[in-house]
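Take a look at this one chain, the form predicted alone, written out in C-alpha cells.
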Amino acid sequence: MALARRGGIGRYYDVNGWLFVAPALGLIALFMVYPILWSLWMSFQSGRGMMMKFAGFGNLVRLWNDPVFLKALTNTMTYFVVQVPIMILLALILASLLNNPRLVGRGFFRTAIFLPCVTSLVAYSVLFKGMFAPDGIVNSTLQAIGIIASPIPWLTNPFWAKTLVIIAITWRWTGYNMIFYLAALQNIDKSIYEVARIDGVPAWARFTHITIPLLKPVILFTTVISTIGTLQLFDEVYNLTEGKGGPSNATLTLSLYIYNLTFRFMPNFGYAATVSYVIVILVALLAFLQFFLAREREK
C-alpha cells in the first residue's frame, strides 16, 4: 500500500531513488553539462591562448569574413551532399543482395564489407595513400586497361583529393550501415515477398515498394548518424593530408579547422568554440529536417 501511495508524481520525491542516480547525474554534469556551458561562454570571448576577453558577437561576425571557415564549411557540406546518399544507397543494395539465402559465401562477403569499420584508421590511411599514389596500383590499373592516359593526381589536385576522401569514407563506413539493414531485413515477414512473387511483381518493384518502405525507420536512423559523422569528419582528412587539409584547403573540414585553430595555429579557443557551435547547429537543423521529411512521408 505504501508503494502504491508513492505512485504518480510522488515517486519524484523519493530520496532513495535520487541517491541511486546521484553519482551518474554528477558525472554527467561534470563531463557533459559543464564543458557545454563553458564552451558556450568561450564562444563569446576572443584572444590568443589564455589571454581572452569578452567580445560579444565578435566571433560570429568574424565567421562571415573568414575565407578559411567558408572554405571548410563548403567542403563539409560537399562531403555531406555527395557522400551520405552514396553510402546509404550502396549499403542498402549490398544488404539486400547479401540477405539472399541462396547466395554462396554470403558470410564471407558480409565480413569482408564490414571489416573496414574495425580496421586501424592509420593503417588504412597509409594503405590508401600508397594505392592512390601517382605510381600506385589504382593509377597503374586504370592505365593498363586504357581508362586514363596519365596518372591521376589524387592527393595534389583539389577535385581528386575530395574524391579520394569520399572514396575513403564510403569504403570504411558502408559496411557499418549495411549491418543495420541486414538486421532489419531479417525481421521482415518473408510471406510478403512470396505474395508479391506470386502476383508477378518484379524484383526491382519489390525492392522499391516493399523493402524500402519497411526499412524507413532504419534508413532514417542511419541517415542521421551518417550526417552527424560526416559533419564531424576529421580522421580521414587528417591522415590522408597529413593534417593540412590540402591541397590549398581543398579537403579542409570544420572539425579539422577547429583542430588547427586550437592546436596548430596560435591557440584561439574562443573562435574555435564558435566554429564548434556551427557544427552543433548544422547537425540539429539537418536531423530535424530528416525527421520532418520522414514524418511527412508517413502521412
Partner chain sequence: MDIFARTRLPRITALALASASFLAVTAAEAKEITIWCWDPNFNVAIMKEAGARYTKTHPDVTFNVVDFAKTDVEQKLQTGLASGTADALPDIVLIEDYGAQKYLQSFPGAFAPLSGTVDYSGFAPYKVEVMTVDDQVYGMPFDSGVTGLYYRKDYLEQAGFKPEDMQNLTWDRFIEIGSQVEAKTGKKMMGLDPNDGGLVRIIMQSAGQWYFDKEGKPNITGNAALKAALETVGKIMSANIYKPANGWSDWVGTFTSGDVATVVTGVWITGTVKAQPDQAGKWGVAPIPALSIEGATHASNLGGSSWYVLESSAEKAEAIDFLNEIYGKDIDFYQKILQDRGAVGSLLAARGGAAYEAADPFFGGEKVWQNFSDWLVKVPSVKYGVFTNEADLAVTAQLPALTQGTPVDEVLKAIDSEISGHIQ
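This is a predicted model, so every value here is computed, not measured. Positions refer to the first chain, counted from 1.
Keep in mind that the form predicted in complex with its partner chain is not shown, yet the notes after this line are about it.
- Shown alone here, F44 lies farther than 4.5 Å from its partner chain in the predicted complex, counting heavy atoms only.
- Interface residue remark: V68 is counted as part of the site for its partner chain in the predicted complex, having a heavy atom within 4.5 Å.
- With a 4.5 Å cutoff on heavy atoms, F263 counts as touching its partner chain in the predicted complex.
- Contact check for T156: a heavy atom falls within 4.5 Å of its partner chain in the predicted complex.
- Stretch 148-156 is the contacting one of 196-204, 176-184, 107-115, 148-156, since its residues have non-hydrogen atoms within 4.5 Å of its partner chain in the predicted complex.
- The three marked residues, G49, K129 and K244, each reach its partner chain in the predicted complex, with a heavy atom inside 4.5 Å.
- If you take 223-240 and check each residue for a heavy atom within 4.5 Å of its partner chain in the predicted complex, you get Y238, L240, in sequence order.
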